[in-house]
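The chain below stands alone, shown as structure tokens; this is the form predicted on its own.
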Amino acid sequence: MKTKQPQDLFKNIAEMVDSVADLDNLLSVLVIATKRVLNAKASSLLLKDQPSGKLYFHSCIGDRREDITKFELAKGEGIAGWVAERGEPVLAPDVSKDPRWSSKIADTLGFKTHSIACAPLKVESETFGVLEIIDRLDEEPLNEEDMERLQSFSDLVAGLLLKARVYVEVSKENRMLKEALGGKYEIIGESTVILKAIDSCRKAAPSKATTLITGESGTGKELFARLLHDLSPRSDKPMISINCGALPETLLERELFGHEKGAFTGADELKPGLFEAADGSTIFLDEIGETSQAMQVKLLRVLQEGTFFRLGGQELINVDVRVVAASNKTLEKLVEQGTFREDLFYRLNVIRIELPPLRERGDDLKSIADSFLQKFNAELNRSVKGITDEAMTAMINYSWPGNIRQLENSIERAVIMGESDRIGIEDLSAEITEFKKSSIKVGAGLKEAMDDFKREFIKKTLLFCGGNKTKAAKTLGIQRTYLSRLIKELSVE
């Protein structure tokens, strides 16, 4: 059979790109397309944190994708790290014979990798991520032809990141808003904490005041930003959103402020930025805590004066934009550490809306789980009638570190993998059901009870951090050496 050329493979990509509303969704769509077109068992997009050089998983498709996204790779770690550092593609038909291979993720999650192909995502001379595929569905090793086609995909992704808007035309955004009114972006819950957050949005919406939304990852910060916008006098225009942590500084600056023709190699036309697109509307800056000091200075000027220059431009641009920012990090701590400007923090923190984690929302979990069940029944053409009491008890007892996003993924998995007409305990992942087994031993001494709690808490934190002790220690707020000592003293498995 004649192999399709890259131009044939990508002829429908443009239509696919037009169907997504933001950069995150665009990247996810392309990762799925990469896996399917290249007949691979798994595909991942890893983005590079510019200050540290670490790689984190932005999008994954394949087995254990929920667990894989919890991992990160140190600078230069593994084949993907090597590619990110050198900007050169790598084909490893047999990873066991490649000294650059790191089996950390495969060993931790218990699956076997035979071959891998990695291609760098490059804009000009800067490498800001890696696109990779793992193993072929036909069990044959990945080959040079697979590598060539993967490189074509990585070039496409890099080019789109450079040129694409993170927003869509007004007509498409209006369709999204109509869907929102139809319930797609409905905020579900009747708990006191969530009703308080909704009420704060209603009070803040009529003003132009900068608003900071804080909360753990997966708590729905963008949903509340949309609620603010939809209730505001600016709702007749599209809300513009961007994840500040998903792009390196140079790309983020181009997306936010635009550029003039000839500002850099490849800038063959003038491109307005997102602040211009949001003139008279709202811009949502997600993960604002990930921005560099230089970018923070530029953002501060926009907030203070409503003006900025396009990259390579001399004309001062004036805009009327309502800024809503979000962070899953405590910005006050970043200010103390000197990584976030204090003056920018106070400019952002005019109105603050704090979103509670799922574990603090009481019976909301039942309503949200039922809503996801109805959603995936419709999407997957299933007819799962409900969730058993045993499964619901396990979910209520679980801590949900990934919050609503993790719950959504768990319900989707249960609907896909379940074989009965109700989601049972057997349809939930091991981390949820194992957490259910933890209990306080009545009759034990206080020290024994405290040791049991510490042992279980450390174990769950290590699981959440993918076995990375340095990351777990940071999450727990203790030194890595102290964590290692506790693991030994408490005999943590």
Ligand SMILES: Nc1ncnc2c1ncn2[C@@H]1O[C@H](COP(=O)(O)OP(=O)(O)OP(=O)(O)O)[C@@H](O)[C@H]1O
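When you see a residue number, it is the position in the sequence shown, counting from 1. Keep in mind that this is a model prediction, so the values were computed, not measured.
Separately, the form predicted in complex with the ligand exists; it is not shown, and the next lines address it.
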(request) Kindly confirm or deny that 194, 216 and 219 each have some heavy atom within 4.5 angstroms of the ligand in the predicted complex. (result) yes
(request) Note which of 279, 230, 287, 77 lies within 4.5 Å of the ligand in the predicted complex, where distance is taken over heavy atoms; exactly one does. (result) 287
(message) Counting any non-hydrogen atom inside 4.5 Å, which residue from 392, 223, 267, 335 sits next to the ligand in the predicted complex?
(response) 223
(message) Among the candidate stretches 113-121, 98-106, 308-316, 404-412, which one is within 4.5 Å of the ligand in the predicted complex when only heavy atoms are counted?
(response) 404-412
(message) Within 4.5 Å, heavy atoms only: does residue 127 come near the ligand in the predicted complex?
(response) no
(request) Using the partner position in the predicted complex, report whether residue 351 sits within 4.5 Å of the ligand, counting heavy atoms only. (result) no
(message) Is residue 82 part of the interface with the ligand in the predicted complex - any heavy atom within 4.5 Å?
(response) no
(request) Please check if residue 263 has a heavy atom lying within 4.5 Å of any heavy atom of the ligand in the predicted complex. (result) no
(message) Residue by residue through 322-341, which ones have a non-hydrogen atom no more than 4.5 angstroms from the ligand in the predicted complex?
(response) 328
